[in-house]
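Take a look at this single chain, the form predicted on its own, given in structure tokens.
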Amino acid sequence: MTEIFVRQLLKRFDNGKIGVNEVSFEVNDGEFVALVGPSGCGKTTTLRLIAGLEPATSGEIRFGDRRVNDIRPRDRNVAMVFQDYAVFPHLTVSENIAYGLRARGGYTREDINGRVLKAAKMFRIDSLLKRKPRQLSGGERQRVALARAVARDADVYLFDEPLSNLDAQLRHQAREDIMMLHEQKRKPTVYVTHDQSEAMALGNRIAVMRAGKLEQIGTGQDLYSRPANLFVAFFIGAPSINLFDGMLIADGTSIYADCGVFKVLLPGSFTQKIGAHVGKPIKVGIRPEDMHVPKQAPFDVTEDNTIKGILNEIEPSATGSIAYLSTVEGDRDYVATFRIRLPASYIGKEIPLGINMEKIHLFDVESERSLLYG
């Protein structure tokens, strides 16, 4: 069994910039963990530290019981697939796949040839073994890199945005190839991507990074349903979460979130967690999936925590429509933008948007921590 243990990992570059700021997490044997975050957040640097391509300023990296901080990259027994595939232009496909085996040593020529052919067949490039990389498409070069990884018996598998240079159709196929590799090897795997949908599809768990720090790690469902802070809530989910500036106000024993465009009664089960924040500004988050239009027609139903207004416009998108709703609260008239999937037939109609209050999110403005799950 092999696990990856990262403890208080710090990387400070020569110019003083901190790339990774005391990050800690672990990857269990056979687990696939996706590192996600915006560009420059430190996810690729973290991967390079694990691989040994960058020296850590402080902290510890262990593969099982073995501390690897001071071990050369080639001796860590890591298979890594890079963003640009890192195939050698002067070598044939067969020689590229065999490179890691020959560099590590300990394999006979017959063993190497057998592993190369098996890996090439797995990724459908066995007919290309005598070609050079310049004769291959981007998708074929990517499969060469995957075949090189699968040919080895590595302890750890690392991927640095290996699909970013492929078009949508090739990305889908390559994603299946990566899952096939992982299913065969069942080794701890760390996969860096900026694409949260890719992370959701591949990762057993997802680690969200920002500005060199690890914000939260958990299953995709954990991050979506119980985000620890405002950043995770907004980063995870497509369409993105709806966010509104608001204030917690009390009316007797009841607590409301007053967002100007609407005011909603919060569940009594929230009282213990949010009571101390009454009278303070907050951010209110509502997932598109947690809003709905009541099915009854005409729209004359009365429902608690319903936002009413006229739907002016719907912008279609690949991940879900964006609805522009003119809302009326008492004598106040506002225009609010809600990310929610709605049919175009609702345009021009006055509709109610019901909210699943058990799934609403509340965040402290200063710390950005979740008042419910932080």
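When you see a residue number, it is the position in the sequence shown, counting from 1. Since this is a predicted model, take the numbers as computed values, not measurements.
Not pictured, yet referred to below: the form predicted in complex with adenosine-5'-triphosphate (ATP).
Requested in this report: Tell me the stretch among 23-31, 65-73, 337-345, 39-47 that has any heavy atom within 4.5 angstroms of adenosine-5'-triphosphate (ATP) in the predicted complex.
Outcome: Contact criterion met by 39-47 only.
Report task. Heavy atom within 4.5 Å of adenosine-5'-triphosphate (ATP) in the predicted complex: which of E215, D290, E95, E161 fits that? Just give me the one. Result -> Going through each option in turn, the one that passes is E161.
Query raised in the report: Wondering, does P352 line up within 4.5 Å of adenosine-5'-triphosphate (ATP) in the predicted complex on heavy atoms?
Result: Result no; P352 lies far from adenosine-5'-triphosphate (ATP) in the predicted complex.
Query - Residues of stretch 244-272 in contact with adenosine-5'-triphosphate (ATP) in the predicted complex (4.5 Å, non-hydrogen atom) - result: The stretch 244-272, when checked against adenosine-5'-triphosphate (ATP) in the predicted complex, contributes no residue at the 4.5 Å heavy-atom cut-off.
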